[in-house]
Structure formats: structure tokens, C-alpha cells
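Only one chain comes next, encoded as C-alpha cells, the form predicted on its own.
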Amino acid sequence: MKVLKFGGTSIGSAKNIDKVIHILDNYSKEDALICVVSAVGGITDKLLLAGKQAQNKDSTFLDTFNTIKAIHFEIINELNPDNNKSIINSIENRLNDLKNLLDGIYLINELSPKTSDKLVSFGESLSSFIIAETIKNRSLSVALKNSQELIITNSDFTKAEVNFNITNSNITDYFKSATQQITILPGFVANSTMGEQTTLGRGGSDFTAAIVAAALQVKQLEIWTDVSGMFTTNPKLVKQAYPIKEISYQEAMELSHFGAKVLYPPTVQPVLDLNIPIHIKNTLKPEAAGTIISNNATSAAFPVKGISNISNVALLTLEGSGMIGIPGFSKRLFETLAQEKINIILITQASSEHSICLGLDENNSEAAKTAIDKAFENEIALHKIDPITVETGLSIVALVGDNMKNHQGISGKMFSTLGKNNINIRAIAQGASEKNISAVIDKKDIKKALNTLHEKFFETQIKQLNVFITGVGNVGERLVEQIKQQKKYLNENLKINVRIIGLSNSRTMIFNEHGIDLNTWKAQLSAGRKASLEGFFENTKALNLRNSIFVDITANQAVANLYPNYLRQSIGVVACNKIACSSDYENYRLLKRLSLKYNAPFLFETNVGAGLPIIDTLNNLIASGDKITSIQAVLSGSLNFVFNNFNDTTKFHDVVKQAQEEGYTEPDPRIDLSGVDVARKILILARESGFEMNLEDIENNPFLSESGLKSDTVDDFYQTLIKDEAHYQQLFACAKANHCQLKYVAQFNNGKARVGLQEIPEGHPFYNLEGKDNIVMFYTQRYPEQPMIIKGAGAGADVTASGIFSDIIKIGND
């Protein structure tokens, strides 16, 4: 004999009930079946709503009643289109009884627990009758048995306690003589020893099935629902969650208590002592393996079996110096809540005995506070303890596993993982058995917490990076294409999954929390909503995704001003924009401090040498204990391109224009040619070397003509280049006469820095620097005579994009 239970979603429609009957038909060919059914999905809530409406003299209870009636009639007509008269007549009689009960509640303006049990029992009564009659119409051997005749309880209405001696005897006696192949039992409902209708509490249909399975000592209990077993975590919040193949009774109870809705916790108790396995199956996918719950499911290889959560939690704190060393405070606190029938979800107490924290359902928080403040009003009046404090809007996230106690570092890994994503922990609880580690966090962080922990404990250590890019122009377009091209490689070789979640240019912006399709991103962006710097930040913040990275590919002051906002939300910043790191020194230090405080990476390699690893090399030298004594560098690929292509047969205007069109200069070439860009770069290198400097401390010797320096617009500037051609030809001629090359050089020595155009003689490392290349020479205590040299392309969209990409990958490898 087998016991199967089908929940409300499994019988929530005629289509699903057909699937249930198909499963029963197949099973019944091999063995006799007991099928426990819940009410049709959502009906119990509607019955309670109708009762509450009637109690409140709200005549809309009739509308709710009619909705209940319509749902059941629709199912009957779909299941039995040609033979439903007798079923409808019987259902009409039951519905008339329901209507009379609601009318009575409306008249007397009262809904007692006893009446409530009678009211909600109609759900299972209706569903079980419809299913039994439908099976009968399909010529299968079936009988409907009222569970109220089998399961006997006390009179604790809404959550009655079972009298197992009488119940077990009733069940064994009935099935000893039963001849039908399929027995349909309504779940959840029972009778008291006084003959009154009772219920086993919400989720009690699972309990009914377990009671029957234990009484008959069947080989296995099957719980059929709408998911393929118990998952590693909530699959609605974590797409990578997957069904757990095997799990122990204790682990299942812990997960069920902490929000896994697949199983009602008391279900486990009747079958636990008898070691009857519970098999969780999916009605909609009967071929799926599901989850087996038994005593033989412990695996040392996987110490964490699941991650669960409870939302809408309130944290109540009782504290005060008057509690220290005084016995009885905890007893009085718990007794007060017990008298109010308020369930405690989590308890934690400081070793100093100065405070006790309790987690409970948010709906009970005000009643709990009122009761506790009243119980301790004398101590509060004498200032021995403080009035109880209540924090709402919280959730509990819990790691569950029998073998966690045998593995060191589980809790450390859990808390560090949450901390790295700026998820603040309000309270922690861990039982002595170490099967559960619970943390109270802000409700808004629950999705990020579950995804972060699931990635850490259950996935093949593929780190997901969620990237938000603003400034999708020439460089940004190259970056998107590089990410698209390398996605598979990063996944397979570096175990990094880079997803672009947000994109913005100066006109429009788009977001997709599941990742923007990189095959159609241009079309999506062109049709996106209006761009806004604050709006981009607010959307990034609201998505609250783990390992979020903001990428700035602009030269915009307003964007740079938003870096602190991102870092304070633990959103990493990768900056191509030099403005922030070359701004006032205090702002630069602030960004560094925020990066450390909120564990948010702040990387800006492309500030100095596009894709060249200049800052990375410098940081490695400093971290290893070396000290920078001098820096000599050609830091502008743009200016190097200009002076490598300018001679007495070309025009300076034309070369600068070419550099701009090929993407080697900023949109405003004056930034490059005035030396400001190079000054910012040497300033950043000096700061990264440990020196406190500001931009005005850099000596800048400009080579532009006076009119070029004073030009108001880019167009005006280009006109000055034409007018002052002789000035630039003179610079070239002088260098040529001295057998030198013109290079724009940045120098840092003894705490001082300067930038300017220099004539570089033959034999100097800078002399043969070609095209748009950069070169940096670091003189240090370890490299006093022969410097460490970094050389390569220092401008261009592709290499700049690759430098930004490298910073993103670096964050993924941390």
C-alpha cells in the first residue's frame, strides 16, 4: 500500500487534477493507494476571507462565496462535461451548508476558532468529493473516506493535537477491510473526541498523509506538489537553485521551519521514528527525480544541504543593566509570549546577560511589545530595563546541514560572504547541534544574500559579476563587444560570469536584471528610457545585485562626483574617467577609504596608460615594500601620435584632427594638448606612490600658442592651430636641428612633478617611441640605476576597453 498526498497547486485546476488522476491510475496498477488531497489552490484563503468579511458585517462575503462556488463548478464541468449532474447536486448541497454557516457568522457577528475550523473544512470536503467522483466516472476502483472519522484530536481548534492511540486504531481497522484500489482522504480535517470538527493547522494535509503512512507503516510517503523536490534555496529568487536529491529528516525540518514551503514541518514527526522515507515529487513533472527525505541521506561531502529564509520578521530586544545576574527574566519573557500565543522564530542572548533578542512574525510585533512592556512595567519604571525595542522590515537567512558541525569555517565563510556584499547582519543564532546557522538581515537584501550564499556553497565557484556601464561611446562599444567575445572563455577558464545589467549613453539607458542580450544591445539602447545620472545610480542600487560594478567611460565631472554613492552601496567602481583620482587630494583619499570600508573595489588602471598595467605594476612594487624615488614617462599616447606624425611636410591642425577622429584624443583635444591630461596622470602615479599632491602642485609647461590656450570652444581651438602653424613648425624645426624627437614628458622626482614638451636626443629610451605608444620608467630603491620599464600602446578605443575589461576581471579574481 502507498500513501500519496497532493497539495492545493496540484489540484488547482481541472488540467492539474487530470494529471493527478493519471498518476493514480498508473500507480494503482501495482499497489493499493491512499490519496490525501488538499483544498483546491487558494480556496482555504478565500474561505477565511469570507468568514472575516461576514464577521465584520461586510456583505461582500457573498461575492467571495460566489467566487468559491464558480471555481468548483468550473472544475466539475471541465472534468466531467457529460456526466456531472449528480456531482453538481452534491456540491450544491455542501455549498448551501457553507452559505448557511457564513450567514450565521454574519448574523451573530462572531467567528470563533471552533467555527473557523468548521468553515475551512469545506475546502477539503469539496475537493475530495469532486476528485473521487471524477475517478469513479473513469471506471477506476475508488472510495471516498472522511478523514474526520479516522483522525481524532483534542479540542484545541485551528491547530488540534492528534490522539494517536485512537487515530492509529481507526486507520488500521478501516484499511484492514478496505477493498477499493484507490482511497481518497480529505487532508487537514479531523474530529475531536467530543465529535467536533477540528483542523491540524495550515499545511495539515501533509500531516494527515504522514499520520496515515505511520499508522499503516508503509514503505514510503509521497508528497506531490508543484516543484521538483526541496531545492538548495528558493528557486524564485535564485535561478541557479536545484533540487536536493537526498536530505535527512532533521535537515528537512530545519529547511521547512525556515521558509521552504514544500513540506509542513510537523509532517516529519509521525514517520521519523519509523524511518519511513518521504519522497517529494512534482505533479506537473512526474518524471523528475524529486527529493527523498530519510535517515540515510547524510553526506559528509556536502556539509550545507540548503539555504532557506523567512521574510517579514521583526526583531524584539529586551535589554538593561538590571537583567545581569538576575534569574527569571527569560522565563517571564517567554511565558508572556506563550500566553499571547506568539511563536518565537529565533532567540539570541549576549553572554553578558545584558540583552535578549527575539525574532518573530512581523504581524505579531506590536502585540508582543505591548504584552512585554506590560509584564515588565515595574522594572521599566525603575529604569532597570529599557522598554522593548522593535525593528521591522527584516528577514532571516539560514544555512542548514547535518554535517556542518564537522566542517570548520562554515560560519566564517557565510558571514564573510555576506559582508563582502555589504549585507549587514543584525543578529546571529546557531543551535548547539550546529545544524543551522541563522542570520537576521534587512529584507531588501534577501535576494542578494541567497544568491551570494548559493554561489559560495553550491555552485562550481563561478563568480557572477553584474556590470553597469555609463558612457557607451567608442570605447564603451568596444568593451561590450570584448565582454561578449570572451564570455565563454571567462566562464570556462576563470570561472567568472560577466553580465551587463545596465547601459547608458548621454541620451538613453536600459536595464535588465537577468543580463542584457549583447546581440541586440544597440537597438535596445536606442529605444531605452531617457538617461539620467541619478536615475542610473538609483536603478543600480535598487537592483541590489551581488558583485555589482559601475564602469565610468566618460570624462564627466558629474559622473565622477557620484563615485562615493556607488561605493557606499558596496558597488565597485572601474573608472576610465581621470577626474576623480586627480581631484582634490581629500576626495581621492575619501574614495580610497570608502572602497576599503564597504569592500567595494575602486580600480582605475586606464587613467594612466589605457591598457598598460602601469598602476598595477606600481601597486605591486609598493605592496612588496619597494619605494618609488623617480618616475619618467611619456604618458599621452595622443600627444605621442601627434608628434610622431607631425613634420615639416604636414600641418599641425591636420595631425591633431586625425588623432581626434581615430579616437586617440579626448572629444575636446585641448585636454590632451594643454598638458592637463598628462598632469593628471603623473599626479595619479605620485599619489599611488604614497605622496600627497594636488593638480596645482604640478609644473605644467605648455607648448600651445597663447591663442590656442585661450580658445573658448573646440572649433575656435582648431582655428588657432591653422593660424599659428608657424609656431608649431618652429618647434619641429628646432628639434630637428638638434637631432632630437619631440616628446611630451612627465617627470616626478623628490616629491615634485612637472610636465612639458621636450627635445629627446638619440639613444634615450624615449627617442624611438613610435605611434601612440606610452612608456613609463620607475626608479625605485630596488631599481636605482636600471629602471623598471613599461612600454606599449597608450591610446585607442580597443586598448582602453581592454584595460577596463582587465580591471573587471581583476575584481572577479579577488
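Basically, rigid core = biggest C-alpha set you can superpose within 1.5 Å across the two forms. In case it trips you up, residue 1 is the first one in the sequence shown, and so on. None of the values given here were measured: they were computed from a predicted structure.
What comes next is about the form predicted together with ligand ASP, which is not displayed.
Selected contact from K736, K592, H407, R202, since only one has a non-hydrogen atom within 4.5 angstroms of ligand ASP in the predicted complex: Of the candidates K736, K592, H407, R202, R202 is the one lying within 4.5 Å of ligand ASP in the predicted complex.
Partner proximity in the predicted complex: T44 to ligand ASP, non-hydrogen atom cutoff 4.5 Å: Yes - in the predicted complex, heavy atoms of T44 and ligand ASP come within 4.5 Å of each other.
Non-hydrogen atom contact F188 with ligand ASP in the predicted complex at 4.5 angstroms: F188 belongs to the contact set for ligand ASP.
Any non-hydrogen atom of S38 within 4.5 angstroms of ligand ASP in the predicted complex: S38: yes, in contact with ligand ASP in the predicted complex.
Ligand ASP contact at E254 in the predicted complex, heavy atom, 4.5 Å: Looking in the predicted complex, residue contacts with ligand ASP do not include E254, since no heavy atom lies within 4.5 Å.
Listed range touching ligand ASP, judged in the predicted complex by heavy atoms within 4.5 Å, from 175-183, 665-673, 204-212, 419-427: Stretch with heavy atoms near the partner: 204-212.
Contacts with ligand ASP in the predicted complex - residues in 708-740 whose heavy atoms fall within 4.5 Å: Heavy-atom contacts to ligand ASP in the predicted complex: nothing from 708-740.
Core-superposed comparison between the shown form and the other one, V189 Cα displacement 2 Å or beyond: Yes.
Per-residue C-alpha change between the shown form and the other one, L757, threshold 2 Å, rigid core fit: No, because once the rigid core is superposed, the C-alpha of L757 moves less than 2 Å between the shown form and the other one.
Large Cα move at P787 between the shown form and the other one, threshold 2 Å, rigid core: No: P787 shifts by under 2 Å between the shown form and the other one.
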